[in-house]
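Listed next as structure tokens is one chain, alone, in the form predicted on its own.
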């Protein structure tokens, strides 16, 4: 049995069964003074509607198309897609070390809300539920043709987001990208050995231990994974065995909206900023895989926030992480404890209440 005291004070490695890799945990490094890069304060003075913002309702985008006056979610084709439905076949390689293969697909952008200053944690549960429903619809519709539908959100300039308007992206491809291909292998391997999905067993384990759960409700668990790499990384997992977003029932969709709002509110409350992150959904592949047995998969969402010590000090994946293996400082248990202790009431709403009193 692992000694919790030793794990919280001394370096050790943890195994990630989803990626078949190890992560170095070095909690003693949190005591070192920080002399590295300090980010600029995150800009939050965002206008509700900007006639020059191509994601706002009624605005003309760079390609000349005009956005409708949408009132909830809005989905449209990405004006600058990374993949296109048609592309020439690169042909056979002239050496096995110089391989290529066709890459085809589609890219779309989905706006969460018509207001540019309205982030997910500030939206109502009903508005977030509309986002969840749209995600499920996209995964079902696009997944009829493409084997992988990647829904993801980059939030904040620190994570490469070029537009503050609340939105996410969808890239669907004719192949399984590296990460889902790896998870396809590891989850199938675990299922063949244990006759249970890996993440279904993992949820049961976390519910027993109660060490890394941040929040949960009747249908979902939000946990800092035992093998987390990013400082305040979290994973959302349904308590029931669910393969894909479109398989979520009414209660589970409501439960997901609830967990998302509570988690993202905690993120923002930590340093009282619009917390940057990259997030995305992983579920059973679609397209031709819809006809195959995919019971080894379990739907889950991943949140990768970079902030470590404050709103202006971030975690960098460089040096050792790029050349050897991932490394983190504070333990996942410490991160979960911090997140658990934060309020469900968004700091902006607290300020509004204080101003009115």
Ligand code: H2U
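Numbering follows the first chain given and starts at 1. This one's a predicted model, so the numbers in the text were calculated from it and none came from an experiment.
Separately, the form predicted in complex with the named molecule exists; it is not shown, and the next lines address it.
Not displayed here, the named molecule is kept clear of residue 102 by more than 4.5 Å at the level of heavy atoms in the predicted complex. Contact annotation: residue 162 falls within 4.5 Å of the named molecule in the predicted complex, judged by heavy atom distances. In the predicted complex, residue 173 stays away from the named molecule, with no heavy atom inside 4.5 Å. Contact check for residue 51: every heavy atom lies farther than 4.5 Å from the named molecule in the predicted complex. In short, of 284 to 292, 298 to 306, 325 to 333, 61 to 69 it is 61 to 69 that has heavy atoms within 4.5 Å of the named molecule in the predicted complex. Taking a 4.5 Å heavy atom cutoff to the named molecule in the predicted complex, the contact residue among 141, 201, 211, 79 is 79. Just one of 274, 246, 217, 154 comes within 4.5 Å of the named molecule in the predicted complex, counting any heavy atom, and that one is 154.
Residues from 107 to 124 that approach the named molecule in the predicted complex with a non-hydrogen atom within 4.5 Å are limited to 109.
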